[in-house]
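Only one chain is shown below, in structure tokens, and it's the form predicted alone.
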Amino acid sequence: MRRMTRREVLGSGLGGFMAIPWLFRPNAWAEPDDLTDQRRKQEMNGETNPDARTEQTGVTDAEIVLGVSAAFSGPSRGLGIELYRGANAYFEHVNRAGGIQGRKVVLKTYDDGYQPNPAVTNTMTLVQQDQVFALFGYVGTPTVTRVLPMLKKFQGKNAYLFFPFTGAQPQREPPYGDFAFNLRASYRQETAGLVDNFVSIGNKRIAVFYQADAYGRSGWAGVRLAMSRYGLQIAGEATYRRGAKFSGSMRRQVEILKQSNPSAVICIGSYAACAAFLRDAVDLGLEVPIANLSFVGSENLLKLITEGRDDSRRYTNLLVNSQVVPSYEDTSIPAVKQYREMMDRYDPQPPSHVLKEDYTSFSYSFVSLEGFLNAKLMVEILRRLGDQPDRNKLEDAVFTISDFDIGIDERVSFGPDRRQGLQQVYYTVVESGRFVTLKSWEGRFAS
């Protein structure tokens, strides 16, 4: 087989793996020769070894192991921590009730700090060394987009990624859509909803503040597409580097956008940077509605922008955040009631080995509620595999999910051409120091 040149490797999207030389060895993810020889001899002698076989697929008689690489350190650590906590609340509940066919769900967890290269390394470890059953609960577009080419290249391993915390397009469409399953609505749906609602109240000069990477570009493209349907263009744009802290200044970005005279700003970023932008926008007199996507981590943003301020309302009065799960305050929703009960009962914490900085968890959040729903659906899929879970049958099990009641006001379905379970987008604003459902766009934002 002809070896790929460096140019061909870079063009294929695998350039990020060049630092891992053994990745490109033939059969890099194949079983070790001694194990292969051992199994060949067993088959010839009519012998079987169920324990050895199941360990190679992340399943033993006692456990089903899922692999997680997420942000547990750095300025975006709240996203990984809260997503993990919500998921673990449900997994803990299932495990204490006997697990799935007697097997506990175990999360093998690594920190990537919301950075692509560690996410690639972690994924190689999870699939190659840890032999996890599936990948679960990754955080972020820049990390996931670097992992997807790995899953495509080694598709024979059936190493699927379930329910990443990102609404970007790459894991929803060719050539990588076959290797991931999404629960949340997409960024295109979130940005389209924000644009539609702003335009409906006459705010047609929409500017964009976004993270200068795959996540930011995905959201920016969604805004541009939505505006093009009205014959409009983005009024102005400003970017920032991933990893920016709240203590940093966003005054230059605000000044750039002010020159475009926007009637609204849509932000595509994480909570530290977006909170800094909101702070500086208000301080510099940019008095227009400022919107954020669900990825921002609403509670962390709100904490940064209001903590220690007597005048916090002036910073949140024109703030609106889209969400991909319903309000965790609405206990009339069965899954929300269940989520709150389990968060209270188990108070799940991330594993200590991934925590490098102090972090104060929230009792409830949109991010942890999403993690809870992710886990609830993951458990249902694993249950449908029966008493002999087989990774080769995992995709078929997902496709049996049809009109499934996950406990919110929208049912979940999957299929070969439908790899996203939920479609609905919600909108929230700040009242009395907390995010609540927005009742009227015109009443809140119309000038």
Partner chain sequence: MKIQKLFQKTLVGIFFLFAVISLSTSALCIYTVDTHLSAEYESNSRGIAKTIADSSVDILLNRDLSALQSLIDQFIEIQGISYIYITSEHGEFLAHTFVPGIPTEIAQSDHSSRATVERNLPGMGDFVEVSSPILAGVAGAVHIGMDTGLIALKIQRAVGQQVYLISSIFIIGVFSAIWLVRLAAKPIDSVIAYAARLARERNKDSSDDTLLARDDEVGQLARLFLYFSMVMDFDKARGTPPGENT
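Residue numbers count along the first chain shown, from 1. Quick caveat: nothing in here was measured; it's all calculated off a predicted structure.
From this point on, the text means the form predicted in complex with the partner chain, which you will not see here.
Determine whether any heavy atom of Asp213 comes within 4.5 Å of a heavy atom of the partner chain in the predicted bound form, and answer yes or no.
Residue-level check for Asp213: yes, a contact with the partner chain.
Does the 4.5 Å heavy atom contact test between Gly98 and the partner chain in the predicted bound form come out positive?
Gly98 lies outside the contact set for the partner chain.
Even though the partner chain is not shown here, does Glu237 get within 4.5 Å of it in the predicted bound form, heavy atoms only?
Yes - in the predicted bound form, heavy atoms of Glu237 and the partner chain come within 4.5 Å of each other.
Taking the partner chain as it sits in the predicted bound form, is Arg241 in contact with it (heavy atom to heavy atom, 4.5 Å or less)?
Because a heavy atom of Arg241 falls inside 4.5 Å of the partner chain in the predicted bound form, the answer is yes.
Counting only heavy atoms and a 4.5 Å cutoff, which of 213-221, 355-363, 101-109, 272-280 contacts the partner chain in the predicted bound form?
Result for this chain: 213-221.
Of these, Arg77, Arg146, Arg85, Arg184, which has a heavy atom no more than 4.5 Å from the partner chain in the predicted bound form?
Partner contact (heavy atom, 4.5 Å) among the options: Arg146.
So which of Lys258, Lys204, Arg188, His93 reaches within 4.5 angstroms of the partner chain in the predicted bound form, heavy atom to heavy atom?
Result of the distance check: Arg188.
For the stretch 173-196, return the residues whose heavy atoms include at least one within 4.5 Å of the partner chain in the predicted bound form, in the order they occur.
Contacts from 173-196: Glu173, Pro174, Pro175, Tyr176, Arg188.
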